[in-house]
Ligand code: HEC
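There is one chain below, alone, in structure tokens, taken in the form predicted on its own.
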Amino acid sequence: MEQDQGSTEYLNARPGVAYVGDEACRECHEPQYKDFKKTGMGRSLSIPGPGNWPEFTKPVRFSSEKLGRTYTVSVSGRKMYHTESKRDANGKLEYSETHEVAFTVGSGDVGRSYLVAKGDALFLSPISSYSGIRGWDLSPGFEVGQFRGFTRPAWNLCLTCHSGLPRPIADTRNRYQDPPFRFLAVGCERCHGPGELHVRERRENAPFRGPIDFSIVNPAHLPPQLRDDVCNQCHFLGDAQILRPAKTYLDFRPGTPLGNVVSVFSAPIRPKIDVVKALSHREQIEMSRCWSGSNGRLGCITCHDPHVQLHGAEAAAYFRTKCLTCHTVKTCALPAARRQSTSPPDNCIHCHMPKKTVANIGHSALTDHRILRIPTQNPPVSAPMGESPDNLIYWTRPRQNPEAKPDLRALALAYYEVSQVYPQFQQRGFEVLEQAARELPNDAEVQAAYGLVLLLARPGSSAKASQALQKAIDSGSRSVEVQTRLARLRLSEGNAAAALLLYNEAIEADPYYTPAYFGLAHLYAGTHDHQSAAETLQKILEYDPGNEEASRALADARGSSSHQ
């Protein structure tokens, strides 16, 4: 039964209803609790221990020729440690950095990554374990040189989806309360919403307010868009996610539109047939004839039961029954002998939803949700019909108005994000961002993006960029990138005092933001205060000892200081 949005709403979707945790759900839903804890979602985040490292009790050691680093994994005293080290051409140790692993991210179905703590900040370890190779390699983003060392921040979005309930410090990008998670793994309330009201009413045997229990969200009773938004909150990343003003990812509650919290956009790029992109499930499914023929009825939970995770022959049989609710055996063009040759036999998924290499995660393969009738045939881009190929695909349209256009703010910021990956959108993106900057002079994020783009797109417009970045800060931006870029401009204008203040504010906001330290050291060097420059550079090496640029700059600063 679908709930009409205009009728009684789910009461736990309202702000103020508290999360209670899975143990409260367990009182009445023991079978679902036990099954869910065995799924990938139920094992999404954990504290390292013998239960999630049985294959790694022996020391692990491997080297990356590309990065010139060696990595080791060791277990001691029921704790796991990761080490990165480097030796020079003569074999002399240049540095070695060891961290205790604080949290294990992932169930191990595809692999696991690991978080280390530095103060109240969390960072991704440069190495991950991959089930596909039954071994270790560089973590996502490290293999292409985008990150290095123990310096990749654990962004709020990443931890929101991989954990039960993170506790970020407001207005920071990578700082967390102690402890950083109220609940570790994804739990019941991620899909059903906060359970305080439901638990209280069921314990009191309160009567239902209608034909179903409206004290707790049941996604199966939601309209298609709201139903799918429960899954989309984590399984659909798009190419740009733009939070609504004053919103955080934790503001989303099942039973409400995802678009109330975040606008999701994709670039209309033709997909490759032999690879899939992680967290693109909605894009994939909407390329399928199954979805287009269902008039929106086909959704994630049409085929998936989130409470259980099946494997092997059991999974093949289960999903085959799902296919046969709409199709018949006679509609398959393959002869029976060919169908029986798959392993397990007569496996619809084997042909129409095979595992494909993941474009943005190494050593990984995920199910292709495009449900291709002919597996070698590339489906069309899933952009709404009639849209220009220069326009981004806007996914979080209001249910009441499927033709709605994105607001100027969201569109401008989306182009800003997308054009950093796809240069072909830079020209159109700049035009939209410039318009937004004119019409939204007090929007901190728009002004920040405009100022940063101006520095790259129009190097001669530093004064205009400076003005935009200052507007961003005056409007409430606490971005350390904005503070650091504006500090550079202030220094180039001869205002060293303003630059000094901005650099120090950036470092206070994020003690691990390396560009701010480099900028501050440059400021000190420019005033011939080489001792302060050296002390500043030394702080980088305290949290990032493998930073070669900082090591070279420190040697220069010390050399200059000794000649004063």
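All residue numbers refer to positions in the sequence shown, first residue = 1. In this text, the rigid core denotes the largest set of C-alpha atoms whose superposition between the two forms falls within 1.5 Å. Here the structure is a predicted model, which means the values were calculated and not measured.
Another form exists, predicted in complex with the named molecule; not displayed. Remarks below refer to it.
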property	result
Contacting member of 162, 471, 488, 82, with respect to the named molecule in the model of the complex [4.5 Å, heavy atom]	162
Position in contact with the named molecule when the complex is considered in the model of the complex, options 289, 405, 182, 134, heavy atoms within 4.5 Å	289
Which of 442-450, 416-424, 370-378, 478-486 lines the interface with the named molecule in the model of the complex (heavy atom within 4.5 Å)	370-378
Touches the named molecule in the model of the complex: residue 144 (any heavy atom, 4.5 Å)	no
Residue 202, heavy atom within 4.5 angstroms of the named molecule in the model of the complex	yes
In the model of the complex, residue 40 touching the named molecule (heavy atom, 4.5 Å)	yes
Any non-hydrogen atom of residue 108 within 4.5 angstroms of the named molecule in the model of the complex	yes
All of 121, 512 and 528 within 4.5 Å of the named molecule in the model of the complex, heavy atom check	no
Residues from 289-303 in contact with the named molecule (non-hydrogen atom within 4.5 Å) in the model of the complex	289, 290, 293, 294, 297, 298, 299, 300, 301, 302, 303
Large Cα shift (2 Å or above) at residue 257 between this form and the one not shown, core-fitted	no
C-alpha of residue 424 moved at least 2 Å between this form and the one not shown on rigid core	no
Rigid core superposed: residue 292 CA moves 2 Å or more between this form and the one not shown	no
